[in-house]
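Same chain, two versions here, written out as structure tokens and called structure 1 and structure 2.
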Structure 1
């Protein structure tokens, strides 16, 4: 064993593990395609400025960044949204709207590895650009839900908690809190569930310096607002405030669309979600496991100003990300990972070197016809070879011995029920195709 190990937070995927990752990616890809989304990809290594421009210099301590041999400041991508904004921005005028794009890629973050958070992870990103109305938000949330349902999860297994930064901003404005202070107040809201009352009051006071809003009153109002989890409750709070009432029309549209699409059961209104992401501008949402672990499975929202900020056109956008690590943890806990089966269709047992040439000829034909075929490199006895076929995970063995070759046939043997049938070598491809489709009865007399 080498004493050079993988870097902390990085994973190796042995075939069984890679199959699980492949399954996750397949479900994501299938779900996205069903929504008409097209797959894209971008470089794993990007100029450092691509990320600092969006998120500021503080982000650098969470980046895998370095100077390349050409003296360029570069970084492995921590997310794909800036690359998306750049790509869309460059060709936005020529792409039909709305743009439905998704990507599945490896991302890197330099932080202390923990459960569900590694330094390298695969993430699905799905984004819908060019549509500002709530229909697009609904479409993205629906896709997010279907990406989870595709694994065999039910709407009971997770919740999509929906919040709204726009509504928050309008509510804070109704309290007399200016937009310039709203972001700071929201970061206090984000801590409502965790912080002690005195810490929260201190933080709120700090967030409101420069205004004449009473911190205790604002804190209480924010608590009430965050605790409202029904459209009716929000409507009451919006009474007399036209801006909030207008926004609630978008909420009605959003919820109606999602209900009509069949996602009523997994949705909840939860205004405690504000997400740290400063660039979100409207609806935001997170998908959480409902079980004891309460893992965060996905998150997203509307970011109408980001593409323009990345020097692109003024293009509204909404999207979400879903990582492979927590999804995998959840699927393992729910026993929703399909059994690993990656063996060949046929294991060709070559019994005696005299049969090898004929066997190799057929092996090549079968492979070119699309079958998955293995065979024994070294001559062996029958029990040993049949065992080898089993260990390889083959469904059927094809026996090539002196007697079969002399008769111009091969013997197909089911490794599950041990039945056998002879197949003329001239007829081998259609006969074996039938065996894979219908089982041994296709060739048994």
Structure 2
């Protein structure tokens, strides 16, 4: 048989790796539930048109798409937002507003694997629908920050970089750039930090084809606007433009809310963030780590027209996505991955067949009570069974021998410090709950 390997860009999770992924998902899930979000799920295989309708035919080159045995054009989902828009749109009239939903799912993109970007990845999506005001944008940004803080990061470890496509559109209009050309200009803005001057000028010239706007002037104006990183600076640029001044009232509401919620330290205004997807309509943001590789950790924004585009009602929406790959890389760099064993709470050591029935009775009771329990299937000597308990990753061993069963007790042994105590079998469940909560001091005489 040939050596069959995992496909490029896909991962296999041994138990220790799956435990880390489980930890990441648990933090996401706990954070979302604290904010009142409810979990949903969609099929991993969807009609291809679900994604082309949202992003255009050009997205097909990034998809794992094929024709199924029924002749349907299908694709593994590259993201969950289109599925969300479809599902909410189908029942929007019967769902109380605002809608707070989150999902944690595996997504697939056919692109060259590289550090931080794989072909298969797990992602948290959190979305708030049915509220058009900046309070909803603030709630989503706060949740994004809280998800990162839940891993043990501090507000100094990352920045939520906030921008605004609405403000950009109004600023470009003040330069005489038609709305029909604004999206193309923003695609140039998206490259300001990494493009060469000549390449940017060429791109801006192409973006302004059919207008009377000078490309060099527009590029310089865009640089000036993108470099403005304070509300005061934006207010100066908006002087004399009523539309921009009105939009800055939403900015003040957004920033005041986030400051009141306690996130002032991790926020920054960065108008170079425009998010490449055309369906974003208002505030947009990305979370970046502040040191090391300055990698992007999450991103999102407002997409008020997408649900209607997916044949649902006209429903405002804002959300974000956060992937497991870059989060794990950061947690490893910061040494914030918990060093816990994904093993049983207790390993029952059965010493002799005369103790096995009593031990199995207690094992059944403990499992029914919610404890994670393993035991030796075959008789063995004490040192060998202690070694088996340690290999299993158990925190404690429960020793069942003939003498313990005769006395009506089990012996609890810490596999960390080797301390031991006897616990009456009649009190075993409350006693072991206390051990897990307080350690061996809960049962030591």
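Positions refer to the first chain, counted from 1. Here the rigid core means the biggest group of C-alpha atoms that line up within 1.5 Å when the two forms are laid on top of each other. Only a predicted model underlies this, so the values are computations on that prediction, with no experimental measurement involved.
- Here the chain coming from the form predicted together with the RNA is structure 1, while structure 2 comes from the other form.
- Once you line up the core between the two structures, the Cα of residue 408 ends up 2 Å or more from where it was.
- In this overlay on the rigid core, residue 21 has a C-alpha that sits less than 2 Å away from its partner position between the two structures.
- Once both forms are fitted on their core, the CA shift for residue 32 between the two structures remains under 2 Å.
- Core superposition places the Cα of residue 426 4.3 Å apart between the two structures.
- On rigid-core superposition between the two structures, the C-alpha of residue 351 is found to move 2.3 angstrom.
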